[in-house]
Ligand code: DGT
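This document opens with one chain alone, in structure tokens, the form predicted on its own.
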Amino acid sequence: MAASNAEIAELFDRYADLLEIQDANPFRVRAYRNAARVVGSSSRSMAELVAEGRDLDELPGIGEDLAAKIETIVRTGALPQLAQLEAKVPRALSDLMKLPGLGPKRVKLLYRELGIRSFEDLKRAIRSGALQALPGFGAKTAARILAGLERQGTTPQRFKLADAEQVAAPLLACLNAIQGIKTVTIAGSFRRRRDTVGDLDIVVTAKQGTPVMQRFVSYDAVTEVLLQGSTRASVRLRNGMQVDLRLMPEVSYGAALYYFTGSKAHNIAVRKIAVARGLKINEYGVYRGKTRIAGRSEDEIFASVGLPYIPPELRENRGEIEAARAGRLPKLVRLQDIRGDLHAHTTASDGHDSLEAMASAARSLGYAYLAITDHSRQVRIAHGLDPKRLRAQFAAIDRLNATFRDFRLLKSAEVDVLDDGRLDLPDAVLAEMDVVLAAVHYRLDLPADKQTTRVLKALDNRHVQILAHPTTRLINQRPEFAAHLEKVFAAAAERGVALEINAHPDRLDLDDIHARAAHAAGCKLVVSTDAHSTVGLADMRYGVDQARRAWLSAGDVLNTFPIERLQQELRH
């Protein structure tokens, strides 16, 4: 199997890490970081583009040199320049940079002064006190790094949902191409649309004699066959993900799909209901004694225990069974309910596409509106806009809007919340915007009380309408900041500030649990992509997934409304 987008992006990011440790030209480092973002966020597989003979240098920020490297990785699964660099700089230093409190400068210092080349080296340096003796490393920093190291050792590897999709898509295509296959469905946390996926569980039905297992274990991304039988196989892929496949008879398909979708807690709760009715549920069906009474479809499974169908996203034993019994299951929001996107960037800051291109892409999705939310001036690395540049952009938006009949670009900005809670732009500029997003991007290490006070002060600004990526987390990279979220939710509800479910695959922030808590607190919510390119607008589905897991209906998400009602619902 050709390298996935996620694998290509990971190689570019690792190369950029090691270049940065080497004090390489910052423009060169930035080029590889940008390439990782572009490839990782692309809705098109680089392998497909290469197979089609497309010119990869047409991608934003990708020149001939990077395009050639992408093609090399697609064809070989490796980046030769990275191997050469790893011969000079230990590969593990890139992993160290992912720990809290460590960046390229600090990792380079640890390597040069203490000879630290691995997690174990770092643990020893902390425990011996050698780390704390270095300039810039105090006891608090050492404690934070050690906590990150402990998490590394205890947390099972989980993959971002979008990365799991990139792995799953070609595997599904391979299985579906086998003559005799009838159905191929991924179950597990992937089907429940959790923000991260530990492994893939695949349920297959096929005609008798179909070589499912042989084709599965010989799939070209498989590096290890863990188990192989006539109806069950388990493999490990080259990215470390485990994939389990179950070949089931059609009469058991619904039961197997239900059973392997989970969650475990949900399944146990439903099995208790079945036992009370004298029934037994397993992956082959629902049984009364030895007689199978259901199993062909999931609807049959639920009906056998007196329940209506419960969508996979809700199957976490968080009240869905009780709600189903009482007829109170929500009608969950759908992707097709979304009328517009309220968080998108252009080349004016750190986006990859122009104002015109973003508008065209949004219109092609059937949207009625798109908010252009380039960064404010505080985010210098993203070329944030000052009032003069913003007003020039507003004038350009006015000119474009004059050409539209059924669509509108909204004047906006992702306005930084300064460390004292003030906003990065004057109120006079904020008053000119259609939508004002406030966002925290730096000083994420403030204590919880100070961080909470900071956010609450920002919400007090009468112009703020949406709090973007409210917990600031980056999946598998950075935990949410320390803040009293219950106070933030209460303040947002009181002031009428909407909270964002950020659909960017790296964020999904708010997550499902926080989004449900925010809704319960009376908060308004929006689902937006934080798109930095036209292809990034397609990430909306990941945010909708989290909204569904949070039990949200279309009426709970403001950007399912027409523009007129949206403007009424947003705080003024």
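All residue numbers refer to positions in the sequence shown, first residue = 1. The structure presented is a predicted model; accordingly, all values stated were derived computationally and were not measured.
Although not depicted, the form predicted in complex with this ligand is the subject of the following passage.
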Counting any heavy atom within 4.5 Å as contact, can you tell me which stretch out of 422-430, 402-410, 454-462, 198-206 lines this ligand in the predicted complex?
198-206
Using a 4.5 angstroms cut-off on non-hydrogen atoms, would residue 158 count as touching this ligand in the predicted complex?
yes
Answer yes if any heavy atom of residue 88 is within 4.5 Å of a heavy atom of this ligand in the predicted complex; otherwise answer no.
no
Should residue 123 be classed as touching this ligand in the predicted complex when contacts are defined as heavy atoms within 4.5 Å?
no
Looking at the partner-bound form in the predicted complex, is residue 192 within 4.5 Å of this ligand by any heavy atom?
yes
Exactly one of 77, 104, 330, 262 has a non-hydrogen atom within 4.5 Å of this ligand in the predicted complex; which residue is it?
262
To verify the annotation, which of these, 271, 127, 389, 487, has a non-hydrogen atom within 4.5 Å of this ligand in the predicted complex?
271
